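As a starting point, one isolated chain is supplied in structure tokens, in the form predicted alone.
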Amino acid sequence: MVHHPSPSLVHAPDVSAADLRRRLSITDHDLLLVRLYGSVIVHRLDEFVRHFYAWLELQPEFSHFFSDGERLSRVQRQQTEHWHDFFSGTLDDEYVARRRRIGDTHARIGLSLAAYLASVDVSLTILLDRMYDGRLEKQAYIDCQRAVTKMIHADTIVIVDAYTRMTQRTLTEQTRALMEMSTPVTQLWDSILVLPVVGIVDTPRANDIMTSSLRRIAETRAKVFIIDVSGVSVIDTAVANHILKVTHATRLMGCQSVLSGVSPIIARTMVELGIDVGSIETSATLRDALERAFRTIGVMVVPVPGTPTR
């Protein structure tokens, strides 16, 4: 069964600077404190990078993402620029957009959220503990800690939100591709289409079958549409009703439907369920359905002399 990802997050508005200020109670004074703390440590960001990558080298992600020395140097430079940007103490939509690109990048390269969140915790420890030189008054230091933590939480919200959106978009595209592959409506002959249905038919897949079938009928002007259910694992009332809806819709478009691959077990099940299939043409095999389809469009298939036949 293919599950469709919820589109609610994908289509929800992006997090804005105003959202972050409201959610985290970030004030202009907090931003001033971020700039104040930045004046204490920003000239020592190379020290931060050394501490951070000493920790990162012990993590399983290091060899996967940073085995290339040139890439590692480039990422370290970008990280230094990241913290310069952070300690500028600016929280507007342009700043949020820059943080959103980080989340997109993390999702695109496949860095896990667990690894990112762990790095956030380590970064807080390095910035607020290891790199602090004690020059501020105690209360000022406490206030700076609180303000910097708020801003890091703001970054985390934006990056995780962007990461999740990118991941869901990718999942949606993959799901759509899988659904298209699971409903391969194929033109076997002029005016004849066939759809082999395999596996479980749930409501989302039934809707996709309906959409794909009607689109192909319109494109090809098909007169016969064969639905082969020999690969359907379970026939119940819901599945049967889904199939009935497809056949009724195709009839409205001037196309005759034939249900093939109806095994004795499927036939018995449908009878026991009391499902009315009197209006549907059925056949036990796909071959029988094809023969009926050829007769419907006025085509006679004859064997080539000397060719073995069954």
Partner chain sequence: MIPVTAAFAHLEGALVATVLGDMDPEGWNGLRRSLLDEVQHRGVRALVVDLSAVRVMDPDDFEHLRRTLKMAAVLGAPAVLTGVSAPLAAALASLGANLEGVVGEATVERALDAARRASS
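This one's a predicted model, so the numbers in the text were calculated from it and none came from an experiment. Residue numbers count along the first chain shown, from 1. Basically, rigid core = biggest C-alpha set you can superpose within 1.5 Å across the two forms.
FYI, the form predicted in complex with the partner chain isn't displayed, but the following is about it.
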{"query": "Interface membership of G254, the partner chain in the model of the complex, 4.5 Å heavy atom rule", "finding": "yes"}
{"query": "R35, heavy atom within 4.5 angstroms of the partner chain in the model of the complex", "finding": "no"}
{"query": "4.5 Å heavy atom contact, V49 and the partner chain in the model of the complex", "finding": "no"}
{"query": "Close approach of A249 to the partner chain in the model of the complex, 4.5 Å, heavy atom", "finding": "yes"}
{"query": "Stretch in contact, per heavy atom within 4.5 angstroms of the partner chain in the model of the complex, of 56-64, 39-47, 259-267, 241-249", "finding": "241-249"}
{"query": "The partner chain: the contacting residue among H84, R74, R146, R221 in the model of the complex [heavy atom, 4.5 Å]", "finding": "R221"}
{"query": "Position in contact with the partner chain when the complex is considered in the model of the complex, options L128, M210, M166, A118, heavy atoms within 4.5 Å", "finding": "M210"}
{"query": "Contact set, 203-217 vs the partner chain in the model of the complex - heavy atom within 4.5 angstroms", "finding": "M210, L214, R215"}
{"query": "Cα displacement of L32 between this form and the one not shown reaching 2 Å, rigid core superposed", "finding": "no"}
{"query": "Flag for T90, CA shift 2 Å or larger between this form and the one not shown after aligning core", "finding": "no"}
{"query": "L244 C-alpha shift between this form and the one not shown of 2 Å or more, rigid core reference", "finding": "yes"}
